[in-house]
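Below, in structure tokens: the form predicted on its own, a single chain.
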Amino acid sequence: MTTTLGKYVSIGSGYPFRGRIEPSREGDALVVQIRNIDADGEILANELTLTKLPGKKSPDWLLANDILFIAKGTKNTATLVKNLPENTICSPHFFRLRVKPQHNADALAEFICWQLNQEPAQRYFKVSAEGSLQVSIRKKVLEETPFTLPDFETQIKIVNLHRCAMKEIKTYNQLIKNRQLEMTAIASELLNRLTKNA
């Protein structure tokens, strides 16, 4: 049955930084920014910015199984939070999604994240984005994202299939990269031989 995303998750905004996020060795928070999300949708934990939080707003620290949704720009994808330090927040370019307590037993965060990155949801975001210079997705639009929640067992199966597919993609990409390095080495060696014999 199709319903809407807002039925299953609470949606909060990223920390309201004003202007540039300044790095600080004496900082008290790590910040996830869009540049910290790699091509596979993983958070690059080692590249987060340590900063001192401005203002008095109490930070909404990220928790395992939160979902970060990129709300600003043309690429509106979702990323699952895993294994981040406790004092980590996200920048205001994200919405932070968290499964509502009453749905912890029937809604898997990883499945929700997967569904947001699939073609039907992506098509919805594309036609719902607003703005001319910088497009963005409003919170209300995200809450009303058409959403399907199968039984828990089916969610687990889909998530496992997705993990296998991602693992295969990474393996193939690494093989392609290795082959390209091999061909570059062959080309360099050949060129060196030709130069010596000239």
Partner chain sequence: MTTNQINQDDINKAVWNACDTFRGVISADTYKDFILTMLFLKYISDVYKDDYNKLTEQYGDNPELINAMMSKQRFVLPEGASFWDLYEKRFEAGNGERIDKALHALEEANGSKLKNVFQDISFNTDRLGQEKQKNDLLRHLLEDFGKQMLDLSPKRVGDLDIIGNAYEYLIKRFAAGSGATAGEYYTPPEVSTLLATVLEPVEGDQICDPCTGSGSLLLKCGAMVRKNSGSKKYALFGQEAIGSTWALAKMNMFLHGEDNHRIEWGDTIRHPQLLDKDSTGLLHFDVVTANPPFSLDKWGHDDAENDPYGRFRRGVPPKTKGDYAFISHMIETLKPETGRMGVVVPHGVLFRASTEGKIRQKLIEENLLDTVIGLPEKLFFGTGIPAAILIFKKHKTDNNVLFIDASREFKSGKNQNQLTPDNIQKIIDTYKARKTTDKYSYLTSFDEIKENDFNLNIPRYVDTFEEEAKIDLVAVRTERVQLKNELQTLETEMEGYLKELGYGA
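Computed from a prediction, not measured in an experiment: that's the story for all the values here. Numbering follows the first chain given and starts at 1. For the two forms, the rigid core is made up of the largest set of C-alpha atoms that agree within 1.5 Å on superposition.
Missing here is the form predicted in complex with the partner chain; even so, the following discussion is about that form.
A heavy atom within 4.5 Å of the partner chain in the predicted bound form is found for exactly one of 26, 168, 130, 47: 168. Only one segment in the set 34 to 42, 141 to 149, 58 to 66, 168 to 176 has residues whose heavy atoms sit within 4.5 Å of the partner chain in the predicted bound form; it is 168 to 176. Interface membership of residue 190, defined by any non-hydrogen atom within 4.5 Å of the partner chain in the predicted bound form, is ruled out. A residue is said to contact a partner when one of its heavy atoms sits within 4.5 Å of a partner heavy atom; residue 135 fails this definition for the partner chain in the predicted bound form, lying far away. Taking the partner from the other structure, the partner chain in the predicted bound form has no heavy atom within 4.5 Å of any heavy atom of residue 22.
In the predicted bound form, the partner chain sits beyond 4.5 Å of every heavy atom of residue 53. Shown without its partner, the chain has 154, 157, 158, 160, 161, 164, 165, 167 in segment 130 to 167 as residues with a non-hydrogen atom within 4.5 angstroms of the partner chain in the predicted bound form.
Taking the rigid core as fixed, one finds a CA shift for residue 184 of 2 Å or more between the shown form and the other one.
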